[in-house]
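Just the one chain here, the form predicted alone, laid out as structure tokens.
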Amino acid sequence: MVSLSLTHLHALKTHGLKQKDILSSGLLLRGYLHDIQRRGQGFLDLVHPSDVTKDIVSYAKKVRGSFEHIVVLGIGGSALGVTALMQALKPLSWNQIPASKRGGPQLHVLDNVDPELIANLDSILNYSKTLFVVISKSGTTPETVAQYLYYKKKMKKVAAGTSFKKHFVMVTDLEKGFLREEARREEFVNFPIPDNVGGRFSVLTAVGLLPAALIGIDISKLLKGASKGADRFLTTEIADNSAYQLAHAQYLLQQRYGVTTTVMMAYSSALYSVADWYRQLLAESIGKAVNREGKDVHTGLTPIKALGVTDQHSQVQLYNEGPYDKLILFLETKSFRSKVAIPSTGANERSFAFLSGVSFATLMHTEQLATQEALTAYDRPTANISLDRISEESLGELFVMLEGSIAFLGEMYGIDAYNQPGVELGKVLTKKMLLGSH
């Protein structure tokens, strides 16, 4: 189960919000839910098993044991969710575990066009045992197309004839785009991305589910948790709607106190990439120049990711004593999956006697609590998103809760949370510059 706590936010002297501020807007909630559903965005439709998810499970079962490496070619929303799934639900050293003990293929997410990154991956791949999963919503993402063309040429030299097509899977638009044309031409296995689901909301489509299934993640449990998240998102009882409470808190903090930055601080290394995924979700969805009426608003919330306890030693000084412009959103698990004890201190180590009999999990939780209490003492807004434990179900529920909060924020700010026009100019100029260099 995933829960939200705003207790520390209510306790602040001058920069907080009272419980009644969050919970006394039932009519607004009903109106927002109506408008969100009317807009026809499909992220809520993904929480139930479909023919596509059945095909994914069937394909993953069919190729099990055939590949040593799964390489995802994708960027942005085509990569961040995949990485979050692997880091949260597989051992953090998954790719380094010997194959005999790992129980599944390595997963490499090639989310950049850095030539050194590509060359490094080349040095470790066994091409005859590699499957490339090529992901692009439009099918025309230049970075992904460039990666695909590179590996297509490499694979043509290794796998001749009909065996070549077994090494590629396309995840793209059902009808249009270069990658869709390639899927038809080369007869690649392919999976669609729904038209009404944007890239940053696509983790529960084949974008995230296919790579997850290929490394042994139970996607049926992931969707089961997502369904719970959808039910909570759709409830008109504010006290039970965590997505609405989070969005309303962010909105009110910005309106009243100028809190324009949300720091997601994960107190679990396994959840750190979720903060990375959320960073794109918040930035691209809410950072907009105009509202739905075409008026200039230049609004947005700036996301920052942080890792506890690591960033207590690199960022918390700023959060405690810097500008009053940040909400610190603690992302935590109540139960770690590993139990590691700290050895008892000896007679010569009395100054560290407080560590005696303590586990690393207890130390982690205590440092989080102390950091949050310190932030509260400095009158800094904080909130908690808690997972009972990290699992497929809790992660599915978390994804939907955070996506739902973004949908609510879009309604509160009166902007289109599902487009990203500010990204397009850079793409156009890149193409123009490259054409001009020929």
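Just so you know, these numbers come straight off a predicted model, no measurement behind them. Residue numbers here begin at 1 and follow the sequence given.
Only in words, not in the display: the form predicted together with a small molecule, which the text now covers.
Asker: By the heavy atom within 4.5 Å rule, which residue out of His167, Lys288, His248, Lys137 makes contact with the small molecule in the predicted complex?
Answerer: Checked against the cut-off, the match is Lys137.
Asker: Exactly one of Thr130, Thr262, Thr333, Thr141 has a non-hydrogen atom within 4.5 Å of the small molecule in the predicted complex; which residue is it?
Answerer: Looking at Thr130, Thr262, Thr333, Thr141 one by one, just Thr141 meets the 4.5 Å heavy-atom criterion.
Asker: Can you tell me which of 84-92, 71-79, 349-357, 223-231 lies within 4.5 Å of the small molecule in the predicted complex, counting heavy atoms only?
Answerer: Selected stretch: 71-79.
Asker: Using heavy atoms and a 4.5 Å limit, would one call Ser25 a contact residue for the small molecule in the predicted complex?
Answerer: Looking in the predicted complex, residue contacts with the small molecule do not include Ser25, since no heavy atom lies within 4.5 Å.
Asker: With the partner left out of view, is Lys326 within 4.5 angstroms of the small molecule in the predicted complex by any non-hydrogen atom?
Answerer: No - in the predicted complex, heavy atoms of Lys326 and the small molecule never come within 4.5 Å of each other.
Asker: Indicate whether Gln312 is a 4.5 Å heavy atom neighbour of the small molecule in the predicted complex.
Answerer: Answer no; every heavy atom of Gln312 is more than 4.5 Å from the small molecule in the predicted complex.
Asker: Indicate whether the small molecule has at least one heavy atom within 4.5 Å of a heavy atom of Gln280 in the predicted complex.
Answerer: Looking in the predicted complex, residue contacts with the small molecule include Gln280, since a heavy atom lies within 4.5 Å.
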